[in-house]
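This document starts with two versions of one protein chain, written out as structure tokens and named structure 1 and structure 2.
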Structure 1
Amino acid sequence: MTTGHTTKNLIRDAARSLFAEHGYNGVSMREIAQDVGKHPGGIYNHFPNKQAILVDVMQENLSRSHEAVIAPLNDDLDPSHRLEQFVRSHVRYNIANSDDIFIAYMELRSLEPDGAAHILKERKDYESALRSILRDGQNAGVFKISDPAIHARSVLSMLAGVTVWFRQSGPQTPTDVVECYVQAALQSVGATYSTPPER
């Protein structure tokens, strides 16, 4: 997942998958160290403490997801297509980084105030990017929603849910799942959804 095989990256990777499986409080430094094949004390050569690993993992996810979903948004498109673009890349990112999304959703409460401030801000930015799309669509009369803020949150929690059950080894292909969630998300705000052309 993370590029490079430095010990620091191995720690990040081990922590990400362990945090996603057992939760921050359910994982010990010993377990992380063992996953990396090192001793617990050695981790402190790379991170000052356990909390810093969580903050690091969360921030890396936030900047990667921002780059993958928010940055490419094309402001010239009409609200419907902008929303479809957002949802498609968002779901695609969620599926490809399900551990990160799961952690982002579940471990906000495990953040101590220092790390929480910055991460909550980036989170709000993400949510408000979606909210402004919804507002535009509402003003243009192409979405049927009674409250853009609530609908934005409802779309995000709906899409976050995919990480709870989806496994690459399951019956569905990622493409099928993405398409299904795109349909559900677009329809949920009353946008028209048409199945993509066969390839």
Structure 2
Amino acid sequence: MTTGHTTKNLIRDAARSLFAEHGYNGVSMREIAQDVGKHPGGIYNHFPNKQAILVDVMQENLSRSHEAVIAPLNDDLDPSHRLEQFVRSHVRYNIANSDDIFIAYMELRSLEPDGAAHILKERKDYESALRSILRDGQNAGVFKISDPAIHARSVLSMLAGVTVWFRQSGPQTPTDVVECYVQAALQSVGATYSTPPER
């Protein structure tokens, strides 16, 4: 890994933490530079402005979430099991990346038009994987839903909520929480939940 690439990652990580704690509008380029241990000019060698950092943080999150959730989906499974697979992977990812999820939802309003168009397209592509699962279940008569697109947004909003309340120090384990969300998602489409044998 080159020094330039390392510095860019450090800037991204610092901005992610600061944006999650203080909000995009509450953070300056100078503060990001201080967190990385650089002069502000050193930040501009990697990003032209704070908006570019926000877009980069969101894009990097979308790329990692696609790799963790969408890429492993098994198209050979029936819709109910694919929905389980999607929800399990998605909630696990959300729990492990709570700052990214917070920024992804709360800072959409802070994106300028070009960045917003790019990020919203990427989010739509991610959402389409869930819509496809729901549509397949609807067509097979195993999901009792009226509109796969609306239901996909509803499920994604529910899953994102885990980052608001879950704490690693709480009484529930991540596995407990994941299975509660899987059960809720299946019930929302009228499908039956079965506790995994490994639990």
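Numbering runs along the sequence of structure 1, starting at 1. This is a predicted model, so every value here is computed, not measured. Definition used throughout: the rigid core is the maximal C-alpha set that superposes within 1.5 Å between two forms.
The chain as displayed in structure 2 is taken from the form predicted alone.
Two rigid parts of the chain rotate against each other between structure 1 and structure 2, and of Leu77, Val142, Ser157, Ile95 the one at the hinge is Ile95. Superposing C-alpha atoms between structure 1 and structure 2 shows the smaller rigid body rotated by 11° with respect to the larger one. Relative to the superposed core, Gly37 has its Cα moved 4.2 Å between structure 1 and structure 2.
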